[in-house]
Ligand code: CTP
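Shown below, as structure tokens, is a lone chain in the form predicted alone; questions about how it binds or moves come after it.
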């Protein structure tokens, strides 16, 4: 376990720092947070305090109630200088997101706020995760500052290419995924024992595509975000994770193994090969229920047609087939995208019919959740009851699902074994 001091500078990506803390916490790390004034315009100090369990500092002039101690430490009897004591206790100082302004201050050695003062005083490894508009990131001044910091042994977690805060804007400058930042931290400091060490987790993610001809296919809108979030959350807990990814265009985690597939048949084959070696299956992929009965080898031509008749045939229910092969030691979690008021009732029927331990249901009739969204709202159903998870970022929902898996394991461990009578 490491003590991570997290500096949060101003920018829309500040909300992702909450996910970084959650991942760090489930990995067993202890976290304290320093915020700049501008960062509080995006995320309030109360949010960071709630998930770290420790005071958040924003100014050199405020007293630290914890006296520089991390959540796993006892506070000293004296009142030390806050930023000096925090960095003295930290194993790593990470700034995420790091704005162009903060990066410039770090390069120049300025110390005009608590975050930059702490950075200047830090003798522990420093990790900087930039986030800004792509024009600011690509500006020669910013690139020169980055090169200068790297020459001083500062670890830079490069931003990703993707959609940015401004509407219809795309480019480099997007904050790296929290799991990527955590992996960079753990390259510098030991991770220590984790709750899921030794557990083998198999995740399916994305949506299959069933060919009609050489060009067209029948598919669905699943982006794979929920499955990838589950994989990252499981890896943060120490699990050995393999993801079967069906047509997923998302960043990959360096510590997770990926198997890319296209169709339902390919997913079925990959899952069948991997299933026997896993302890936990998280079947989050949207697998097609039907595929073309007779796909055309070439491209279907219009040729004056006014209509086209397409015959479909059912695909294999992959999860149901895997369930028939399960051992008592394996845990199976299914996912169902339902629509309407009876979503939970329909899901409960699937839980029993497929012999699952948990079924995660999301009602895709709700706005802003489910497919292609960064948020989700689900109900986790088990034989004992159900648990509603309100709308939240998919990484947060993923951790709620994994918590439910842990709770299931604890219930099983507490259940007494019945003695079988000979009578």
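Positions refer to the first chain, counted from 1. Every value quoted in this text rests on a predicted model; they were computed, and no experiment measured them.
Beyond what is shown, the protein has a form predicted in complex with cytidine-5'-triphosphate (CTP); the following relates to that form.
> Would you point out which of 179-187, 72-80, 347-355, 226-234 contains residues with a non-hydrogen atom within 4.5 Å of cytidine-5'-triphosphate (CTP) in the predicted complex?
That would be stretch 347-355.
> State yes or no: in the predicted complex, is some non-hydrogen atom of residue 173 no more than 4.5 angstroms from a non-hydrogen atom of cytidine-5'-triphosphate (CTP)?
So residue 173 does not count as contacting cytidine-5'-triphosphate (CTP).
> If you check in the predicted complex, is residue 338 within 4.5 Å of cytidine-5'-triphosphate (CTP), heavy atoms only?
Close contact exists here: in the predicted complex, residue 338 approaches cytidine-5'-triphosphate (CTP) to within 4.5 Å, heavy atoms only.
> Is residue 89 near cytidine-5'-triphosphate (CTP)? Define near as a heavy atom within 4.5 Å, in the predicted complex.
Heavy-atom contact with cytidine-5'-triphosphate (CTP) at 4.5 Å: absent for residue 89.
> Tell me, yes or no, whether residue 285 is in contact with cytidine-5'-triphosphate (CTP) in the predicted complex, where a contact means a heavy atom of each within 4.5 Å.
Looking in the predicted complex, residue contacts with cytidine-5'-triphosphate (CTP) include residue 285, since a heavy atom lies within 4.5 Å.
> Ok, 118, 318, 127, 201: which has a heavy atom sitting within 4.5 Å of cytidine-5'-triphosphate (CTP) in the predicted complex?
Result of the distance check: 318.
> 213, 197, 147, 289: which sits within 4.5 Å of cytidine-5'-triphosphate (CTP) in the predicted complex by any heavy atom?
Partner contact (heavy atom, 4.5 Å) among the options: 289.
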